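So this first bit is one chain, no partners, the form predicted on its own, shown in structure tokens.
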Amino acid sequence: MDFLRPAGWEEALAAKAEHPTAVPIAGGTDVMVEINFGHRRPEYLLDLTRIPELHEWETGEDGVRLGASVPYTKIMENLRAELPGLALASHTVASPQIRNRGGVGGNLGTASPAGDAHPALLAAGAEVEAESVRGSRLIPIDAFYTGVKRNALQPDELIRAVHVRKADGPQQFSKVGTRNAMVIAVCAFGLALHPDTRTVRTGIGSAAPTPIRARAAEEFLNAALEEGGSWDSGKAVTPSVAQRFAELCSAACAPIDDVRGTADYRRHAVGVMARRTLTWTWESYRDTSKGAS
């Protein structure tokens, strides 16, 4: 195994172009586990730890450009107001040591359906900034996940940053695991209210071959809130609407049985999390609406 250690971004892109099979490593929280257990033996490792811009973020008027290697700890400490769903998800990532090293870019590159950042990024409607020596492009998060641990990156591309619009409404994240730390999600759920567009977005993790959205559930809830005038009135979501939303979220899943949980349990848990996060986010929206009026 050869170890490539570029000193800057342009050098990293050149190395990736010359060695398309090179596996990027930054925090190492996913890659090193696979290597240590003998599940992966890449010909080249591409070390990105010396590239400072990957560890930086920019907050603009409408959104945040988050460097691929910004650690979860920094997201929790500095971007809780702008990216509340992702900050909540960051809290659930493994242990403090892992949160100090791991970043969103690694989650995206690995594209594991159990990655903690995915539901929050889907719910927020993020975009992935990919770059190669040929140029850069933005990949909508909905088009990024292409299969089990597969993504839309070309062989010569690297993830430079993630673009996420600032939250315009409440966001929530919920995760089921066997314990609070050092655990892979049995399943996870993210929900974001977008009052500016009067829409709701979801994100589901570890309950399908890829991270997914519950689109039918979103369409149902969008229609229910609009027909009831709820965005303007701030009236409570009825139990029947919450239950139907939960059922549709469960139906969106395509889980498997494995050592962490059964498919039936995952479907049930996603429904419970969907109902709870809807209750939490909508109550928060109602409180905010009352305060504004």
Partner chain sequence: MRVNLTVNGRPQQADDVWEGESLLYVLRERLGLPGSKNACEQGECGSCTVLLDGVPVCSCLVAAGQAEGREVVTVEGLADHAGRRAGGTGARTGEGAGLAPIQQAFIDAGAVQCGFCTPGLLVAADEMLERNPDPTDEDIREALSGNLCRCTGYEKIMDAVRLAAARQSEGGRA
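Numbering follows the first chain given and starts at 1. A quick note: this is a predicted structure, and the numbers were derived from the prediction, not measured.
Another form, the form predicted in complex with the partner chain, is not on view; read the next lines as being about it.
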query	finding
Any non-hydrogen atom of Ala152 within 4.5 angstroms of the partner chain in the model of the complex	no
The partner chain contact at Arg179 in the model of the complex, heavy atom, 4.5 Å	yes
Ile35, heavy atom within 4.5 angstroms of the partner chain in the model of the complex	yes
4.5 Å heavy atom contact, Arg50 to the partner chain in the model of the complex	yes
Single option in Val133, Ile98, Ala216, Leu138 placed near the partner chain in the model of the complex, where near means a heavy atom within 4.5 Å	Ile98
Interface segment, criterion being heavy atoms within 4.5 Å of the partner chain in the model of the complex, picked from 87 to 95, 123 to 131, 219 to 227, 203 to 211	87 to 95
Residues from 1 to 34 in contact with the partner chain (non-hydrogen atom within 4.5 Å) in the model of the complex	Met1, Asp2, Phe3, Arg5, Ile25, Ala26, Gly27, Gly28, Thr29, Met32, Val33
